[in-house]
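What follows is one chain in structure tokens, specifically the form predicted on its own.
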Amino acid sequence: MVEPKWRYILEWMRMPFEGHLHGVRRTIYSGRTRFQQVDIVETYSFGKCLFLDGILQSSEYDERVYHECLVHPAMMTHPGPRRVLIIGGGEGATAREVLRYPTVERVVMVDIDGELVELCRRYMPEWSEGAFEDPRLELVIEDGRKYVESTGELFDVVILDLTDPVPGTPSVFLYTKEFYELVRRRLSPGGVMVTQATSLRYSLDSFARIRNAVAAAFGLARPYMAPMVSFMSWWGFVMGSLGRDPLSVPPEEIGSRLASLRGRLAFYDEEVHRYLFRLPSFVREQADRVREVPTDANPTYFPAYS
């Protein structure tokens, strides 16, 4: 048997004892920024992909599942979002989804890695679909926590599209009770915050701890999940609200507001909204056994194990 002469990327699945071998059709870009190794490649299974430090962050195959599920449940929970803050989201796809809303007047996108943003703009323009050229968007290259600490602006929705809280990275302190309290103070009355909350397969404990931290800061915290085939996992999200409960938003309202959006969504609709929040019983039971609340002094890491 002759081995195929393909290039591969071996992605360790956020743990040392499981990996995924991605066959690479072509390399579009490979290099380092100040903060991380960046590889933009076309794979055989998932199309164009962004890898950061060897971990798949976004794929052509299902990036719309991730970004639609991160953005739209929170935007629909707020009855009329006008000002939105995005922390992270370097590909521009989170901004793309936010800017679909005709009510949105201003979006501030804060990312620590300006080099990564420029690489995504150049090599992955189909992710942002012109979002960076929209006059409603202001791009700020800065540490997300420092921005939240220093700004005096209030926002209706805050979206945290962050890398995982890997030890030794700045993201670790964007998943703590203290940080969520800072975010809460930057929300207008009735404001909503949502964060990506890691994998339910590789680290359900980490997901549960993030939920606990949001609940400690907001009171009302709703965890939910979406299927991410390219991540080999159900993926977690947590929403904190100062106003409506996302479970109380009428399907008729979601359907009506979706009809007003620019462009067409690929995954999220009024039926999916309700489905996302229906966690299986084994997930609820295991998550509810986790009592730790991540703090600046004792943050959570990913993966995390009891």
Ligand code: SAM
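Small disclaimer: the values here were computed from a predicted structure and weren't measured. Numbering starts at 1 and runs along the sequence shown.
Another form exists, predicted in complex with the ligand; not displayed. Remarks below refer to it.
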Checklist entry - Which single stretch, out of 201 to 209, 106 to 114, 151 to 159, 131 to 139, brings residue heavy atoms within 4.5 Å of the ligand in the predicted complex? => result 106 to 114
Checklist entry - in the predicted complex, do E68, P73 and T195 all reach within 4.5 Å of the ligand through at least one heavy atom apiece? => result no
Checklist entry - Would E126 count as touching the ligand in the predicted complex under a 4.5 Å heavy atom rule? => result no
Next on the checklist: Can you work out whether Y101 and the ligand are in contact in the predicted complex, taking contact to mean some heavy atom pair no more than 4.5 Å apart?
Outcome noted: no
Checklist entry - Would Q57 count as touching the ligand in the predicted complex under a 4.5 Å heavy atom rule? => result yes
Next on the checklist: Is it the case that Y224, even though its partner is missing from this view, gets within 4.5 Å of the ligand in the predicted complex, heavy atoms only?
Outcome noted: no
Checklist entry - Just one of A217, A93, L174, V183 has a heavy atom within 4.5 Å of the ligand in the predicted complex. Which one? => result L174
Next on the checklist: Do any residues of 26 to 59 have a non-hydrogen atom within 4.5 angstroms of the ligand in the predicted complex? If so, which ones, in sequence order?
Outcome noted: Q36, L50, L52, Q57
